[in-house]
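There is one chain below, alone, in structure tokens, taken in the form predicted alone.
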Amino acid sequence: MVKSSMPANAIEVTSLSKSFGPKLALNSVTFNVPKSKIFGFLGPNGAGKTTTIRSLMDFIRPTAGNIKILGHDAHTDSAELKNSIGYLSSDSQLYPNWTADDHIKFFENLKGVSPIRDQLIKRFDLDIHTRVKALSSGNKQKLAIILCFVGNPELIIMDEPTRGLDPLLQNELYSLLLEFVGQNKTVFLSSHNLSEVERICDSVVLIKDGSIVEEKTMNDIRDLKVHVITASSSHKINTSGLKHLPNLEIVSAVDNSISLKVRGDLNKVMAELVKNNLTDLSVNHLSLEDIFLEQYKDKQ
């Protein structure tokens, strides 16, 4: 196992680019993953998430750029680093005629015995004696997750980890990852499921079309305080006073109803709205997914 020189970041990616023929899949991607945190790597399908992860794992070689993991070069120290990394692919390949127990023992021969092997099997309620070809997709995903923790890794890299898991098992995985980082270890979590990263991630990077769009802590994102206000009146709502207010977007104004998006302070907006004879009013926070969609729109 690689001995870390105690870098501040578990992963450092600098100016990473990858081309497949004429197609530029990654365009000068740069980000850092702090140690002892859960880091969310977000983006829609085809954004470049999996290409980045395969570059981190040295399964493919970047066209340009540098990657350091646990203080070591991801390419020149690749073989040693893999002993310190637990990896979950978005499409894990398992041997159909092996049992889960066969897979776990094989990984333990390569990476060392997992100190929480039996605990994980129990927590995920996995039948380890049935051949993989007879397992459901959810049970195959359970096995793939357990294999990530074989050998007591320092870093877990996961690509769409909750795929195929029911909500109860998703919660079990979230608890497991939080316990893992509580041991001063690190999780790199790639997903397009924004609700799951909202629950457990400390910071996030948003990638789109092979480029980093935004990098924020979860607190930064929540502090955007974007609200959706919907109001109805007994008459057509007067929008003249609203149109000049900062950080306000009128989403729709039809007949006696209006819908607004507001960033920051609501007081001036509410003062204008109550000048109308309101019959109904609702104020809600934008979800994290909607906030990211706002970020996409702003960056286009």
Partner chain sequence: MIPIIKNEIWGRRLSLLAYCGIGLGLLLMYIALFPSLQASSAQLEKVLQAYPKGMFDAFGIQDLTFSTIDKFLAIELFTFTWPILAIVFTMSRAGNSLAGEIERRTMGIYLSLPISRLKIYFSKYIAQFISVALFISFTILIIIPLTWLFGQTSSIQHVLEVAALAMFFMSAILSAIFCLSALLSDRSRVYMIAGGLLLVMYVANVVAALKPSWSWLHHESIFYYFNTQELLSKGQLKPESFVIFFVASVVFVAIGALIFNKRDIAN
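Positions refer to the first chain, counted from 1. Quick caveat: nothing in here was measured; it's all calculated off a predicted structure.
The same protein has a further form, the form predicted in complex with its partner chain, not shown here; the description that follows concerns it.
J.: In the predicted bound form, does each residue in the set M57, N83 and Y95 place a non-hydrogen atom within 4.5 angstroms of its partner chain?
T.: Per the other structure, all of M57, N83 and Y95 touch its partner chain.
J.: Considering its partner chain in the predicted bound form, find the one stretch among 225 to 233, 178 to 186, 191 to 199, 99 to 107 with heavy atoms no farther than 4.5 Å from it.
T.: Correct option: 99 to 107.
J.: Is Y87 close enough to its partner chain in the predicted bound form to count, meaning some heavy atom within 4.5 Å?
T.: Output for Y87 is yes: heavy atoms within 4.5 Å of its partner chain.
J.: Could you tell me if A79 has a non-hydrogen atom within 4.5 Å of its partner chain in the predicted bound form?
T.: Flag for A79 set to yes.
J.: How about K111: is it within 4.5 Å of its partner chain in the predicted bound form, going by heavy atoms?
T.: Yes.
J.: How about D91 - does it come within 4.5 Å of its partner chain in the predicted bound form, if we only consider non-hydrogen atoms?
T.: Contact with its partner chain, yes.
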